[in-house]
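Here we start with a single chain on its own, the form predicted alone, put down as structure tokens.
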Amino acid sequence: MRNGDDLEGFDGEASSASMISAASSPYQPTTEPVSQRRGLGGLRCDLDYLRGTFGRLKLAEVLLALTAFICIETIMECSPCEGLYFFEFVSCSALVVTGALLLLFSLNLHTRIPQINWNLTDLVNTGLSTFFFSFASVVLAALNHKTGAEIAAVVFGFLAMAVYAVNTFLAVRKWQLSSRQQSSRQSSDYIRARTESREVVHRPEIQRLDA
């Protein structure tokens, strides 16, 4: 039988072996904070975007396009109906596309598809919506029968055109700024690469080591 000293020595050796095993183990405990997902499937609502200028403009565009579409849908009789149908198509298309972009931007889903230039996409959408809302509103104003629903649709159509025009102006400035920053970044990388290559050429000891 082992005496007390042998047992203490055995316990000390076991504890030392366990400490060495724990130190050499690749699965070490970490103190780094674990990121917690917010929302469904890691989706997070970007309140800063919704409170910003572009978020408010997008919300106003969606509401105005929806109101114009509802007004035009309440008209039961028309003659001719071409202007009404065109206005209906424009308001519905603007509502769907702008609503989809608002959803993508507010949930940061556009960051998962970096291959698409979202600034340019937003610029194209706002520019086309401005043009088609202005054209559809003018046509409907010229061909309407002075009913309340038609007048309301024309009013909301021009309001939507104005908001889209403001968004287009700001989107152009944002796109120009991002393009300028990208070009300056590329030029700085090119200058840095040229400088490093010149340093290698003018330092013969590096060439001898490479040889």
Partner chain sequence: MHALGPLLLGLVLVLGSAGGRGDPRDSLACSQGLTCRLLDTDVLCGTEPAGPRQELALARLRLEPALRCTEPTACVPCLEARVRLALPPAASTATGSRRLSVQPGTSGTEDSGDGGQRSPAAGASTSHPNVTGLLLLSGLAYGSSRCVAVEVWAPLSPTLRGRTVGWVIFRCFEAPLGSELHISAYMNSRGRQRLSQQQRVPDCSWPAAQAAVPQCQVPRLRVSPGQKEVVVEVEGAAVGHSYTLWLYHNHSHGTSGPGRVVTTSSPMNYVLPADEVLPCLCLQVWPETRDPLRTTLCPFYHDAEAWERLWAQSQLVLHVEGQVLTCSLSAPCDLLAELVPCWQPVPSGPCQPLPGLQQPAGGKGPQEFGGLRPHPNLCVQVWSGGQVRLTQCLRDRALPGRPDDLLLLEHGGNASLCAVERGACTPLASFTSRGAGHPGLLEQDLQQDVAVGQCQQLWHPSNRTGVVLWACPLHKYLRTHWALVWMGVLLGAACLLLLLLLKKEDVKGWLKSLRAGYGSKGVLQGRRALLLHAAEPVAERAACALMAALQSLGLTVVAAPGGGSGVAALGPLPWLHAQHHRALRDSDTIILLLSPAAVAAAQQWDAGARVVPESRAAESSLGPRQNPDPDDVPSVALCEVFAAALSCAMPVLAVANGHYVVARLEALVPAVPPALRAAPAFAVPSQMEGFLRALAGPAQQRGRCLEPYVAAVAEALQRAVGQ
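Residue numbers count along the first chain shown, from 1. What you see is a predicted model; the values in this text were computed from it and never measured.
The following text describes the form predicted together with the partner chain, which does not appear among the structures shown.
The partner chain in the model of the complex comes within 4.5 Å of a heavy atom belonging to L84.
Within this chain, F156 is remote from the site of the partner chain in the model of the complex, having no heavy atom within 4.5 Å. When contacts are judged by a 4.5 Å heavy atom cut-off, Q176 does not count as touching the partner chain in the model of the complex. In the model of the complex, the partner chain lies within 4.5 Å of some heavy atom of T147. Using a 4.5 angstroms heavy atom cutoff to the partner chain in the model of the complex, none of C45, V138 and M161 count as contacting.
Contacts between stretch 74-90 and the partner chain, counted in the model of the complex as any heavy atom lying within 4.5 Å, involve I75, M76, E77, C78, S79, C81, L84, Y85, E88, F89, listed in sequence order.
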